[in-house]
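This document opens with one chain alone, in structure tokens, the form predicted alone.
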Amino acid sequence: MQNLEELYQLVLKRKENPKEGSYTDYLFTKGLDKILKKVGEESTEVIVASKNPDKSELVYETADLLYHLMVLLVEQGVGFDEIKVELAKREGLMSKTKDRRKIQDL
């Protein structure tokens, strides 16, 4: 089973060592606008799939979105570790305000 860090590393390797004819190579060759378009499309598909009773479609579309987000991160030079650090900063905090309060145990 592949985790998100492994997926990021795979996409990064494909950028560094393109495989002609691969979808990943196609996205990097087309550039940022194409990648952004795909992230937008996949985001919409996740939203639509979330409204359907069959959750398998949601799983499928979420996988597509995560893949395209990894392509975007690699294209923009954002390391997956940077995302993990940002998530760690938010752990135990609530809201998006500057003065976040600690979440109290209920």
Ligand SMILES: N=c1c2ncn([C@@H]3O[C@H](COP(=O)(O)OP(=O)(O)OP(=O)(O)O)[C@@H](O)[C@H]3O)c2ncn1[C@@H]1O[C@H](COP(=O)(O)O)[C@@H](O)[C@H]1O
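Predicted, not measured: the structure shown is a model, and the values here were computed from it. Quick note: we count residues from 1 along the sequence shown, nothing fancier.
Omitted from view is the form predicted in complex with this ligand, to which the following refers.
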item: Non-hydrogen atom contact Asp64 with this ligand in the predicted complex at 4.5 angstroms; value: yes
item: Distance check, Gln2 to this ligand in the predicted complex, heavy atom within 4.5 Å; value: yes
item: Lys34: touches this ligand in the predicted complex, heavy atom cutoff 4.5 angstroms; value: yes
item: 4.5 angstroms heavy atom contact with this ligand in the predicted complex for Glu75; value: no
